[in-house]
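As structure tokens, one chain now follows by itself in the form predicted on its own.
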């Protein structure tokens, strides 16, 4: 057999290989592939080269290395590489894209499971409804999910309808990409009062997530002040939705029930409060600029004493990784400098008009220490008490410490709604090993390991379950690519045993009475929502009940 400069067989030699390999032959071929890879320059050791090297060295049967006709592929169907991806949000879709890019479709089958009848996860239920440009990525995701060797399996809850253990028995690889399903708590007395909500639930509510449509959100004519705890992009999103006019929101794909409630409320002030200082805020310049500079009916209020920068802050902002934070710092400093002249201009513009000017208060170095009930309702929040903080530590590692002697010296802010936005974490997920400290699945580069540090063969993780709730939608791409490199490396170093894959899954779900939603069924939902939205002058009018989603998915729109 002819070999390349690194000891790999040429393509002609690959396709000349015949027959199934015995165990000893497989072991020898795999060793040859590994040896060849070790001679390759580090820059050449991509996942695709590893896959091709293993194929060409004979680590897989001949049918893997050579395209087959559809008839032969069907006859050998059990030997295709079969993958289950749990979650159809950005992490899951980028994983599918990476897999299908690296492995020929004749050699791969992918099933994508989601507990909802609708795909796209965070893009549909997390991105703010007034950020339609950020949702355009669903066109790319739809292409991935509509490939002929990829199947969407909606309305399937892993851990209820099928277990991770069962999936591992059906597929060569199982990739968990279901996101962070829980929020971090702040453990403050009174956190259980009505009206203290996680920002995660509030976002799901106004985005029409069917599990949160009946969430009690105290927004009415008595709601004038809202406190948002946190200084990240999610905190900015919820503040912006609260500050926008009903007319502005009507042009978005916000859920109808949320639009109606926001239209009737009387929010005048939103207090965005962070524990650390201006230099440590984790929002992006784009999000911050939009809420500070581009909402004409909103006046920004900043306390100059709270945005003073220490020498440590200045040194921290000069660090390479903090260039974005430096831009954000400048945006807030500019708003603070202009707030008096802006207030005078707004008074002139709106004098004699009925238009309401709302206020966004950017607060720093404050820690919530107590949620107090309303005077007339002992079960609902009415006030939030904050202690003052100071920062201590070296640049990049400053931490907030309470300065105020409580309760004397604390500041109390009226708040009939409090939204807590201090991060997300992975809760329990059908026995997957969760690192409780970091709130992610135990893993190394996407390979899942148990509590004792042993890797669990065929089990992988990507997205927020892998790295935590950080980054933007696009951050999931490189994250997924790293995980898929590991999947392919592991595939290249082990025998490809028979797995039943999707046939076994569908049979099991049928026995258990699960109403599957495939991608064509999702298109029925999409068509109905888009048509209803077009009639109202908005991108889509979302269906927000599980029953209505399932009914639409199973109904022929042209019947």
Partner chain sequence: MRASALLRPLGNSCRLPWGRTWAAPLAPASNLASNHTRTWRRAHGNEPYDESRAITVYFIDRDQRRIEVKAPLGANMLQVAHRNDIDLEGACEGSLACSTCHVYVDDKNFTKLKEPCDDENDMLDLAFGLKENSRLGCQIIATPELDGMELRLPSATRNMAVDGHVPKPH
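Please read all numbers here as calculations on a predicted model, not as lab measurements. Positions refer to the first chain, counted from 1.
Heads up, the form predicted together with the partner chain isn't pictured, but that's what we're talking about next.
Remark: of stretches 111 to 119, 320 to 328, 209 to 217, 295 to 303, the one touching the partner chain in the predicted bound form is 320 to 328 (heavy atom within 4.5 Å). When you look in the predicted bound form, the only residue of 143, 412, 438, 380 with a non-hydrogen atom within 4.5 Å of the partner chain is 143.
Of the residues 139, 428, 405, 451, just one reaches the partner chain in the predicted bound form with a heavy atom at 4.5 Å or closer; this is 139. Contact annotation for residue 234: at least one heavy atom lies within 4.5 Å of the partner chain in the predicted bound form. Although the partner is absent here, residue 523 lies within 4.5 Å of the partner chain in the predicted bound form, judged by heavy atoms. By the criterion of a heavy atom within 4.5 Å, residue 481 is counted among the residues contacting the partner chain in the predicted bound form.
Contact annotation: residue 477 falls within 4.5 Å of the partner chain in the predicted bound form, judged by heavy atom distances.
Within 4.5 angstroms of the partner chain in the predicted bound form, the stretch 269 to 295 places a non-hydrogen atom from each of 282, 284, 285, 286, 289, 294, taken in sequence order.
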